[in-house]
Each structure stands twice: as structure tokens, then as C-alpha cells.
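Just the one chain here, the form predicted on its own, laid out as C-alpha cells.
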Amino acid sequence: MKTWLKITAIVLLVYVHTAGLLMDVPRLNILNETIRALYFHVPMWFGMVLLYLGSVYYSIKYLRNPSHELDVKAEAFAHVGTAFGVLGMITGMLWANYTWGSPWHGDPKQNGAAIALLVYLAYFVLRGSLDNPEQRARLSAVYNIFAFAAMIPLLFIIPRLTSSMHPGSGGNPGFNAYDLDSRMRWVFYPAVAGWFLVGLWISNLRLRFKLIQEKSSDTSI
């Protein structure tokens, strides 16, 4: 990853944390100051989806032209994407506790997100259950594609078709419709970019560490 992208990620997140906690936000009923969680909760989910997209991209490339590095890249992006998903779930539960009265409300988007994470956790179980490297890489790549295909309706389609308390779902207006004003956009969009760049950075670090670790184990034999 280029140095300037790393610097950009750091600058963006320093700005997001500072402005996100100090800048004025819309004073809405129930939400009040908790709306600041938008700068952290939603970008985590954006980052998760984009990282999973990167993972499935490398899985497709692997199936077309098998390469150990492509398999490792797919795994690294899926690992970090899942970490972002867990963080998104935790921040969402904290937000829900103050706005809905309980951390877990059984909301369709909450349930869909939990199922999507379980589907991806099964991806790692699959990888850990196979000893043959080529078989593991091939089956994992195929499963990764289906996991991503399952995540899309779980997060973006089914909640919109059912009753949901999430903005933009179940007939509720999205943030753009009523409270994501110009002040919040100046923080929200940099937050999405910043968290995604951090996710790319961590994914590249995982990739490099994995390849170095494998190279070291080969030379020691």
C-alpha cells in the first residue's frame, strides 16, 4: 500500500474523531447526541462490504488463474472485513441501547447482519478444516462467492421489505431524507473513506505477514 494512502487514512481518521465528537449535530428526538455514532457505526459496515468485495474479487481471480498469493489475499480481506463487521455490530448495539432501549431489538437488519457474519465465520471454519492447500483454496473461493451473494439480500434487500427501525428500511426514511445535513456529510464521507483505507492497510499487513511467515517456515525445513 502506498505511503500517501496510509498518511491519508491517518489524517482522515484524526479529522473524523475530532470533528465527529466536537462539531454540532442535528438535535433530533430520541437520537440527540447519540447520532454521532453514525460516524463510526455506518462506515464500519461500508468498510466491511468493500473489503468483502475485495475478497470475493480475489477469489474469482483465483478460480480463473489459481495462485497461492490470490488465495492469501482473499483470506486477508475476508479476515479484516469480518473484524469490521464485528465492530459495526458492537457500535450498532451500543447505539441501539440508547435509542431503542436494548442492545438487541430483533430488528431485521440486526438479524441479517448477524447471519451474514455467521456465514463468513463458516468460511474460516471451512479453511481450517481442510489440509490440502489446493483443495482448501478452491473450495474457499467458491464458498466466498456464495457468502458474498448471500450477504447482499441479508443486509440490503430483506430489511427494506420488512418492518425495520433502521433508517432507510421498512419504509423508514433514510438519513439523507431528514438528518444527514451538510454538517454531518463533511464528517460522514471522510469517515467512510478513512475506515476503508485503514481496512486496506491492515489487509495488506496481514498479507505480507502471512507470506513472510510461510517463506520463513519453508526455509527452516
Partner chain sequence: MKNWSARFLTTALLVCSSLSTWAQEVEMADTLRAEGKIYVIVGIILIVLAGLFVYLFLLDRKVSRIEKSLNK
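In this text the structure is predicted, and so the values were computed from the model without any measurement. Residue numbers count along the first chain shown, from 1.
If you look for the form predicted together with the partner chain, you will not find it shown, but the lines that follow are about it.
In the predicted bound form, the partner chain sits within 4.5 Å of a heavy atom belonging to N32. Taking the partner from elsewhere, R64 is found to have every heavy atom lying beyond 4.5 Å of the partner chain in the predicted bound form. At a distance threshold of 4.5 angstroms between non-hydrogen atoms, R36 is in contact with the partner chain in the predicted bound form. At least one heavy atom of P26 is located within 4.5 Å of the partner chain in the predicted bound form.
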